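Taking the form predicted alone, here's one chain by itself in C-alpha cells.
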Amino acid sequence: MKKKQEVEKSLKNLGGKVLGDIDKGENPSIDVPIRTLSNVKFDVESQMIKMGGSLAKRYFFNVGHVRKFVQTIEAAAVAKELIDVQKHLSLRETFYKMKRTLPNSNINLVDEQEESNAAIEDLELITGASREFLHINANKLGSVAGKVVVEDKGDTIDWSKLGSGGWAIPSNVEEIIFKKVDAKFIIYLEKAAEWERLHEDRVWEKLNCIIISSQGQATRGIRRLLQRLHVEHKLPVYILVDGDPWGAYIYSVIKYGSISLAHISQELAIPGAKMLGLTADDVVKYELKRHLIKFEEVDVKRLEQVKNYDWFKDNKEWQKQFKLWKELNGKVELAALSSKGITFISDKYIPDKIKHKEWLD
C-alpha cells in the first residue's frame, strides 16, 4: 500500500506528464489501465484476482475522450488538495466538489455521482493508490466486537465495551493502530441481524474471537480491516453468508478479490479465508429444507455464472455445492437457523463447524 509521500509523488507525476505534453505542443494524454474482464486474470500462485497490463490512452483533444480526461484530472486535483490540508471527503462530497459548470458553457464537469466515482477509480489505477490514500472515503456499513483495543485518530477504543451496537467500522482503516488483539479467529457475517444475535450471545467472549458484519457485500473498509487482522495478527477468517449463489459470491470477493477492484487485490483479498456456511449440506443436515425460498430466474443465472469462475470451476467440493443448490432449486437465509432455537447459531452451529473443521476452502 502506498504511503503519503508515494501518493503525492504519483499525483505530481500525473500533473507533470500533462504539463509536459502541453509544453511540447503535443496533445495531452494519460494512460489508464483497462478495467474490463479481458484485462483481469486469476493468478493461481497468489490465489488472487489481478489486473493485467493493458492500457488505454486518453487524449484531451479527442471528442470521445475529453470528458473523462478532464474528470480524471479534476479528481486528481481534489485528491491533491485533500492530502495537502490533511482532510477527507466522502464519495458524495467529492461528487459535489467536482460538479460545476464549465466557463462560457452550460456543460457540467460531472452530472451524476457515477461519473465522479468512475474518475476516482481511474485515478486509483493511474496512481496505484486506493481511494482511502487519496483521502476519499465511502459510507460506513459495518460493526465489530471483540477483545481488541485500537487507537484511531488519537482515541483509544475497546471493541468489547461499546454496548449493543459495537464499533462502527470506518471506511478508511489504514491509520488504525492495534494496541491489543486477544482473539483466536474472526467470524464475518453478511447480515447485521445475525451479527446482533452473536453479539447479544457474547460469542466473541465465549469463543474468544472477533465478530464483524456488513449489510450484504462487504465494503472496502471492512475487507481491509479483515485483511489487516488476518495478515498482521495471523487470525483465521471464517465467513457466514446466506445459502445461495449470492452468498458464494460474497465469499469469493473476500477470499480472491473482485474484478472491479483487481488493481488492489493485494490490500483486500484473503486467500486463506474459509466458508463456514450456510452450505447446501447444512440445509440437509440441519433439516432446513422447509425454509427454502424458491430460486427466481436471476438466481439460477447467478448460480451458473459463479460456478464457472476460474477459482471455482476445478474445485470438486464447490462444484458439489453448486450441484446441490441447483437440485434444491432454492436458497436458505442464515436467519433460518433460528428455527432450531434462538441461540442455536451461537451455541451449536458455529462452535461445531469450527471444532470439526466443516468449512469450504
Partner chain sequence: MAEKIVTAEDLANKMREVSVAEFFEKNRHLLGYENTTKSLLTIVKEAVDNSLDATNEAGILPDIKVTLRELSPDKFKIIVEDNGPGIVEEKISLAFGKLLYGSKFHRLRQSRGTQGIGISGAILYSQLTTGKPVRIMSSTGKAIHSVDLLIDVLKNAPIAASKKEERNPDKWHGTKIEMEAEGRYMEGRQSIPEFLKQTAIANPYAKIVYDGPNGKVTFDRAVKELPIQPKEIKPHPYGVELGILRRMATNTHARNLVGFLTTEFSRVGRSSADQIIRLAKVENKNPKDLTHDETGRLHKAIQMVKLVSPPTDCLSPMGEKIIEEGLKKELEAEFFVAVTRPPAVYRGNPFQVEVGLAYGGKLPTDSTAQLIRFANRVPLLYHQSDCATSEATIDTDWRRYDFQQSSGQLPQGPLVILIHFASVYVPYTSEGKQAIADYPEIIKEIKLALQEAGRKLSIYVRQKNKRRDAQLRSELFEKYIPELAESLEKLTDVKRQKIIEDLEKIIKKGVKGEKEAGS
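Numbering follows the first chain given and starts at 1. Note that the coordinates shown come from a computational prediction; the quantities given were computed from them, not determined experimentally. Note that the rigid core is defined as the largest set of C-alphas that superpose within 1.5 Å between two forms.
Below, we refer to the form predicted in complex with its partner chain, which is not included among the displayed structures.
Highlighted residues 37, 128 and 271: none comes within 4.5 Å of its partner chain in the predicted complex, counting any heavy atom. The shortest heavy atom separation between residue 52 and its partner chain in the predicted complex exceeds 4.5 Å.
Among residues of the shown chain, residue 66 is one whose heavy atoms approach its partner chain to within 4.5 Å in the predicted complex. Residue contact check for residue 304: none of its heavy atoms lie within 4.5 Å of its partner chain in the predicted complex.
Among heavy atoms of residue 60, some come within 4.5 Å of its partner chain in the predicted complex. Heavy atoms within 4.5 Å of its partner chain in the predicted complex are found in one stretch of 250-258, 100-108, 230-238, 177-185, which is 100-108. In terms of contact with its partner chain in the predicted complex, the residue from 26, 327, 296, 31 that brings a heavy atom within 4.5 Å is 26. Contacts between 66-100 and its partner chain, taken as any heavy atom within 4.5 Å in the predicted complex, involve 66, 67, 69, 70, 73, 74, 76, 77, 80, 100. Once the rigid core is used as the reference frame, the Cα position of residue 296 differs between this form and the one not shown by less than 2 Å. Relative to the superposed rigid core, residue 334 undergoes a CA displacement smaller than 2 Å between this form and the one not shown. After superposition on the rigid core, displacement of the C-alpha of residue 17 between this form and the one not shown amounts to 2 Å or more.
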